[in-house]
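Below, in structure tokens: the form predicted on its own, a single chain.
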């Protein structure tokens, strides 16, 4: 079969040239030029845009794009020069209105012209890197109108004048201003920035500099801040209404610099109205305004924070060193808590709970609380007062709130172990004498202390509660084992068995108990030692209480609540009408200091003097004699007779207490050193000190000198050794 032969097709150009009328371009341009004139003269309604588009299309198609483009420039320039004269001729306030009106007309004309010349825009302009029609119209407007010698400066002055008038309280046409500034933005960022924004910011800086100088001389700090806030808000509102959004950070920065940053120090230190005055008088609104304004400028918040910290430290120092305040520990701590509440509220409501301010508050309290060496004792006394009577009838939520506040002060203490020492003593007395208003509240505080400082801190405190619970069970067993016959014989006793290591009291010699008590005491001793092997009982008669029924003359009967020592003294008068001091001392063997205080309580306190003393005086002498006061009378059947408080610790006794604390710290420091060296094996002196301090700061702040002494002690006992090459390097010896 024969395959068909392929045939190639070819399209060839016309053999003859298409001749174009030499006058075609000129005629067509005249039509388009006339149309542009009519558009600018507002006579566009009679034009055929379809025909005009076709004419422009044909000109570009027939390679007359150059003529069309250059003719467009010339025609638009001609009209813009006429527009420029019209705008220049406008007088006063009509200038901006005429400019705005002509701008609107130019934009409409530009839109129509762009529609007619759309094909030129798409082909000729893009192929020849020319400016598109719309951008060309804006460029010509910028050149012949905005940058005209007679318009440029006049436009700027008119805009700045309008803004000044508005700043001084006059009402201006914001719509007109918005149109003009938008025109400048549409003409390009550089036009808006160079021809308006830059001079606007310079004039604004000058305006606010003058205003700030004027107002700071005559206004208080609070009033000045209100004005600054109002001006700042007005500028932001002005941007919203008729300026470019990008101007907002620039103009607000000008206001912040001129109104706030340049006057920060003077404002915060202003006499009778500055920051300190606001803090003292709880002016939360002014403080909040200062915070919100100062945070906008560099170093603004640090300026407020530094002044607040300085004031708070100075005030706190006065508080903790004021001799009048130190007379009442409860009042002392309450003032600290009130001060803490005050600044918590200020930081919360005015300073937006700023963490840097909270940290400054914490560091300030840590600084001045630890200036007073008795702060741990005072905080413990405050807790003691609350648990004895201050929390009676208070809701559970309020109790928790008080305990949380106490814990806040506790965290500020550097010597937490000193607080533990006093708290343990006060807790022991509350528990033994049944003076606490709520066991649940006591346990809640111990849980908080345990969470804060760990199990070791509270193990002995928890042991006290365990002892009391065990004692209740022991007494139930003892009572059940006595039987009804023994229960009716002699006085009844309630014994609390305390573990020696858990309670803070020092063992003391027991006094001679009355003969009536000895049988029941011996029965309890026999019962307890019979149920617990390997234990030893030691009576602590200086800690107990007793209820005595007493018959006075004229059939006056009362029930006296007294201490165990006072009970021993009073029971002597069952067999004697008169006893001398030395006889009482010999019969009871109560330590002299305690005996004198007991006798003072029984014979020298008005209204509680169940004994008489000869000679009558406030002090008890070795030769004094005592009698039952038959004339004693009270409107109450039950009478509580307290014990005259011991005199406050003398300076040597305080030194002894401090010495005991220091001794208790030594094994803790040594244990920390050994733990660190055991894990590190080799460590230099400075790092040992830093690590020991870090580990122990939750209980106390160890002295580097003491740490060094403990290291020397451990080296002597061969726990550590010095490096032979470097004496500052320590090695752990397994």
Partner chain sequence: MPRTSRRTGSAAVNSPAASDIFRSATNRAISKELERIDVLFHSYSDSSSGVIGPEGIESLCSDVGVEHTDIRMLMLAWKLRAERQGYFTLEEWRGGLKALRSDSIGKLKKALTELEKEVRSPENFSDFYSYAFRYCLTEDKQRSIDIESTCELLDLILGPIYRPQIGKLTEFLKGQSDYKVINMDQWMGFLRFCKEINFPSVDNYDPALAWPLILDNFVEWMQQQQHGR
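In this text, all values refer to a predicted model and were calculated from it rather than measured experimentally. Residue numbers count along the first chain shown, from 1.
Only in words, not in the display: the form predicted in complex with its partner chain, which the text now covers.
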| Taking heavy atoms and a 4.5 Å cut-off, does residue 70 contact its partner chain in the predicted bound form? | no
| query | Is residue 62 close to its partner chain in the predicted bound form, meaning a heavy atom pair under 4.5 Å apart or at it? | reply | no
| task | With heavy atoms only and a cut-off of 4.5 Å, decide whether residue 682 touches its partner chain in the predicted bound form. | result | no
| message | Within 4.5 Å, heavy atoms only: does residue 731 come near its partner chain in the predicted bound form? | response | no
| note | With a 4.5 Å heavy atom cut-off to its partner chain in the predicted bound form, the contacting stretch among 705-713, 33-41, 47-55, 668-676 is 705-713
